[in-house]
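The chain below stands alone, shown as structure tokens; this is the form predicted alone.
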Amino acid sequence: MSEIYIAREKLPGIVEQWMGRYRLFGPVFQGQYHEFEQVKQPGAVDLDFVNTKLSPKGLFHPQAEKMFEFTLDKQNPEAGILKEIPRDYSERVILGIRPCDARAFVLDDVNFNTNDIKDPWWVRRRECSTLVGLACNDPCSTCFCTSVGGGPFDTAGLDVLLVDVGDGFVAQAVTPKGEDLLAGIQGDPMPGEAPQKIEDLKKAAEASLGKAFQVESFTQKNMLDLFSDPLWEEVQFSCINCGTCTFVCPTCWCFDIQDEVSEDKGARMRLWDACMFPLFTYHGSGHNPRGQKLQRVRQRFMHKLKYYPDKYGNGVACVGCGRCVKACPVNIDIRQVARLMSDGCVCPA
């Protein structure tokens, strides 16, 4: 694994260099929050942030995306024929991804890129992207990546990991794609204290997080026992089914497909959807297998923490980014839910 040192004042120049060769996306301050946007000016990239409000999932699986367009004009010989919307698959660099968000892409691949089913748009966006991560020196109080198999300096899913060591960044190539990206950069002399500084920062960050729960304590439990546990009565009590938790989650991948028509022109759209919405499982017959709030709340947490690990065997479908903890308007905390799944409900059944 090769690595180079980039002095802090040199970073805007390197960003500009990448902008000349790739489409560049990075964390940009938007009003009150940082969001991943295509960078228009090198100085717009802001790496002094905790995390973005939404994950960079939307760069690969957009919240609303036109899939096809069509015409209903019966005078047109192509009436009713779906035509795929052109997309830009030129090479791009996504700068400043936190390790939790990069790890989420690895988990999401089991839905979009398998031996049996491949989402062509997800696959091609993954192929054309180089992910440059930013280690978390100071995780926030809602983060818990170390509890779900990750870490603030984790490299899973990344091509390059940047570590802020004060006066500059150490860039560590993780994959051949990352090696190619760093090969075109003229680095600065590596400070002698940098390796020890990185190790100290990593240990301090991991120690600040600790372990919020033990995954094995509930993933090894019987599925039906967890499904019927009275803990779900307590968890669902305050939920208002707003779906905010699913929209900010980097490992939620559910979507709906709808046709939108204006006069004789139409578009087939793919839109994020959420298991927390009452209509998500509504059948054409009128039957809804998850018509009650408790059923929907249970589905969300059981999928993340039980169904996914049982099916795929690669850990829980949560990366510990803490976005859902921050965003929930009624203060439902997935860490507490995980502890309840481990220990059982402490309230009367």
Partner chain sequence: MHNPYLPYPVRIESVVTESEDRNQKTFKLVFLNPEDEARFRYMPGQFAELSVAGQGEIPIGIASSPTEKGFIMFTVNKVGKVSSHLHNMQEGDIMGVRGPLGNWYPWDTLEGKNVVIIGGGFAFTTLRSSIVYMLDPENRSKYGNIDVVYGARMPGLLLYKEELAAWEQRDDINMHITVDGTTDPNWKYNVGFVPTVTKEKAPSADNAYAIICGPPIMIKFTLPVLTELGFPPDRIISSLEMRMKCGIGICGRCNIGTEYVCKDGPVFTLEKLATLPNEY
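Positions refer to the first chain, counted from 1. Remember, predicted model here, so these are calculated numbers, not experimental data.
This next part talks about the form predicted together with its partner chain, which is not shown.
- The single contact residue among Lys177, Lys202, Arg92, Arg270, judged by any heavy atom lying within 4.5 Å of its partner chain in the predicted complex, is Arg270.
- Residue contact check for Tyr282: one or more of its heavy atoms lie within 4.5 Å of its partner chain in the predicted complex.
- Shown alone here, Phe144 lies farther than 4.5 Å from its partner chain in the predicted complex, counting heavy atoms only.
- Contact annotation for Gln214: none of its heavy atoms lies within 4.5 Å of its partner chain in the predicted complex.
- A residue is said to contact a partner when one of its heavy atoms sits within 4.5 Å of a partner heavy atom; Pro289 meets this definition for its partner chain in the predicted complex.
- Of the candidate stretches 166 to 174, 153 to 161, 203 to 211, 120 to 128, only 120 to 128 has residues whose heavy atoms lie within 4.5 Å of its partner chain in the predicted complex.
- If you take 215 to 248 and check each residue for a heavy atom within 4.5 Å of its partner chain in the predicted complex, you get Met223, Leu224, Phe227, in sequence order.
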